[in-house]
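Let's start with one chain on its own, the form predicted alone, as structure tokens.
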């Protein structure tokens, strides 16, 4: 198994910059997600690690050794593509053993390693089936087995669960994590799904517009997003223009106590989750709002509340048994407000 480091990676196509000065590290045996919207540069970064793209500048290192000049087939990297890329006219066993066949292994070795890989992904009796006879989740497992059977130093997963329906995707997240932990192979996962990244990862690399915006553990990024884009992308619903004051922050003339390193008068953003707001009585409330929209999501009621904090309504989440209408009073605990740089 190998560590992976991306150091000051730049990838340009003519005048277009797909990746700009990206840097992060995946320690041996860890699982890192590269998370971001479509077109942010995450798949290009993965392809550069695989060797399918040549870096314009910067380095890709495996076990601290640059591999920029090493061709893909000599990097010992297993890859699972978004479409799985299984050979339709080969059996499952032949698909899984294909990489071993290309390495000139003898037939007995291929059979033994193929059996082991299929057992590892929970498909011990699927050797003679064809991809068309398998469910989406089973095809995904075959693709994983094919990547693992070559005993790669690193495994790269490009949106591996995106073709599955929601329920199966949830199930396969846990299977994918189990398989990765069991194999111990260093894994980099490209995804635009925040829940997937938070469920699976030891570290998350958040990208936008070709730039790495933040690197941290799921808990670090959830609790302390470092800019408005990251906060918005991980699902913080209320992100409002604000100004730093001596004792806290001012949002549209309303003062809140909040900790910040920004200097007084700084142009910043204040962010808080819909679940951070609390209902309050007339005297305890910090500001009032008018309920202008409601949605029931199963476990929660979600409300749009028009306040003086911004032109657009803010979002409030309550338990499903709590129904609101008309004018309500709200309060916001100071430690719930996150102070962010403007993007």
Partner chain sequence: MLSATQRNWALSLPAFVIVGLLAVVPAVMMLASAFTSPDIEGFTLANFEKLWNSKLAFQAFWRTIRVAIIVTLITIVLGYPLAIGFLRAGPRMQSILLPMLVFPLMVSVVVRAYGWIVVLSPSGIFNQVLLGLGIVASPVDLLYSETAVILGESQLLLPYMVLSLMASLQKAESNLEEASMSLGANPVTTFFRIVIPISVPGLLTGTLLVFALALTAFATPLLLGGGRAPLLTTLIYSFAFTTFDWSAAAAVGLVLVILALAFVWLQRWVGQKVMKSYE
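Positions refer to the first chain, counted from 1. Note that the coordinates shown come from a computational prediction; the quantities given were computed from them, not determined experimentally. Rigid core: the largest C-alpha set superposing within 1.5 Å between the two forms.
In what follows, reference is made to the form predicted together with its partner chain, a form of this protein that is not presented.
Peer 1: Spell out, yes or no, whether the shortest heavy atom distance between residue 218 and its partner chain in the predicted complex is within 4.5 Å.
Peer 2: Although its partner chain is absent here, residue 218 would stay clear of it in the predicted complex, with no heavy atoms inside 4.5 Å.
Peer 1: Does residue 141 reach its partner chain in the predicted complex if we count a contact as any heavy atom within 4.5 Å?
Peer 2: Residue-level check for residue 141: no, no contact with its partner chain.
Peer 1: Evaluate residue 47 for contact with its partner chain in the predicted complex, applying a 4.5 angstroms cut-off between non-hydrogen atoms, and reply yes or no.
Peer 2: Flag for residue 47 set to yes.
Peer 1: Decide whether residue 222 counts as a contact residue for its partner chain in the predicted complex under a heavy atom distance cut-off of 4.5 Å.
Peer 2: Answer no; every heavy atom of residue 222 is more than 4.5 Å from its partner chain in the predicted complex.
Peer 1: Please tell me whether the candidate spot formed by 85, 89 and 130 is one where all three residues come within 4.5 Å of its partner chain in the predicted complex (heavy atoms).
Peer 2: All of them do, each having a heavy atom within 4.5 Å of the partner.
Peer 1: Though its partner chain is not shown, can you say which of 72, 241, 122, 235 has a heavy atom within 4.5 Å of it in the predicted complex?
Peer 2: When its partner chain is considered in the predicted complex, the option within 4.5 Å is 72.
Peer 1: Its partner chain isn't shown here, but in the predicted complex which of 210, 164, 150, 268 has a heavy atom within 4.5 Å of it?
Peer 2: That would be 150.
Peer 1: If we take heavy atoms and a 4.5 Å cut-off, which stretch out of 170-178, 74-82, 105-113, 243-251 is in contact with its partner chain in the predicted complex?
Peer 2: Comparing against its partner chain in the predicted complex, the contact stretch is 74-82.
Peer 1: So, does residue 133 move by 2 Å or more at the CA between the shown form and the other one, with the core held fixed?
Peer 2: Where the cores coincide, residue 133 still shows a C-alpha shift between the shown form and the other one that is 2 Å or more.
Peer 1: State yes or no: after fitting on the rigid core, is the Cα displacement of residue 87 between the shown form and the other one at least 2 Å?
Peer 2: Yes; residue 87 is a residue whose C-alpha shifts (by 2 Å or more) between the shown form and the other one when the cores are overlaid.
Peer 1: When the rigid core is used for the superposition, does residue 219 move between the shown form and the other one (threshold: C-alpha shift of 2 Å or more)?
Peer 2: It does not reach a 2 Å shift.
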